[in-house]
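Presented below, as structure tokens, is a lone chain in the form predicted on its own.
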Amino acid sequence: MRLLQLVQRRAGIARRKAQRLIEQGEVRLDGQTLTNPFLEVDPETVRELEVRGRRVPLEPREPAVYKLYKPAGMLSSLYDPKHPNTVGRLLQRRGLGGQGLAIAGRLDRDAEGLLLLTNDGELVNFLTHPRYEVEKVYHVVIPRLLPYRHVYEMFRKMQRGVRDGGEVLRIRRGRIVERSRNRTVLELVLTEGKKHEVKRLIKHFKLPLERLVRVGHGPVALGKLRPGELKRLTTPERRALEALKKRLGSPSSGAR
């Protein structure tokens, strides 16, 4: 097993984060600092693993996946000394601090909606890496009535790709969820997860953004969760995630 795989699986973090920590000298194996993420190690002979000075259990973690309705104003961070309102603080209050849970796809502080949390590093990588094209579904509230023709033309342009800041931003599909005299709610489905992607798309078309809510991530839906509510995934939701991993191809299924 490669060192980065060992760190990823035992610490419950994403592959890219595990690689970065190793390269930065933040990982010690049996008292020795190692900086080569691709070093082959034998998990059976490892006696001690430390990540950022903290000892990590060597026993494989029982897989756990939770979904959280992150309210607007909460920081998508496990720890931030400058901001008391974080996902990490919420986990501590629920007795889940120190369980190795990582956030699979963050949301901006002013955005709200579905966050998936898991101690499965491979699942974090699968849900967030652009190569797997896992769908993220957002509801965008525009505080004005938008003409149908304008909306559908905007969707077509977003599907072709909008250039912004040297990047191409693109949606997979879009639809109108609600349309009334003083507001329009749009649903945008994206797969790449570029920074502030939805906000940048809306800004490109010079539209005001009143509210941004993530309502789906892969096969998992926000459903009837209330802001601040945290629930472990149901068996059908877990099975749907596993089926999606198998269909799209994940590291554990042999994809490269």
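Don't overthink the numbering: it's just position in the shown sequence, from 1. Every value quoted in this text rests on a predicted model; they were computed, and no experiment measured them.
One more form of this protein exists, namely the form predicted in complex with a small molecule; it is left out here, but the text below deals with it.
Asks: To test your reading of this chain, name the stretch in 190-198, 23-31, 50-58, 218-226 whose heavy atoms come within 4.5 Å of the small molecule in the predicted bound form.
Replies: Of the options, only 190-198 has residues within 4.5 Å of the partner.
Asks: Using a 4.5 angstroms cut-off on non-hydrogen atoms, would residue 107 count as touching the small molecule in the predicted bound form?
Replies: Because a heavy atom of residue 107 falls inside 4.5 Å of the small molecule in the predicted bound form, the answer is yes.
Asks: Is residue 138 near the small molecule? Define near as a heavy atom within 4.5 Å, in the predicted bound form.
Replies: Yes, residue 138 is a contact residue.
Asks: Taking the shortest heavy atom distance, is residue 65 within 4.5 Å of the small molecule in the predicted bound form?
Replies: No.
Asks: I'd like to know if residue 111 sits close to the small molecule in the predicted bound form, meaning any non-hydrogen atom pair within 4.5 angstroms.
Replies: Answer yes; at least one heavy atom of residue 111 falls within 4.5 Å of the small molecule in the predicted bound form.
Asks: Exactly one of 212, 230, 41, 207 has a non-hydrogen atom within 4.5 Å of the small molecule in the predicted bound form; which residue is it?
Replies: By the 4.5 Å criterion, the partner-contacting residue is 212.
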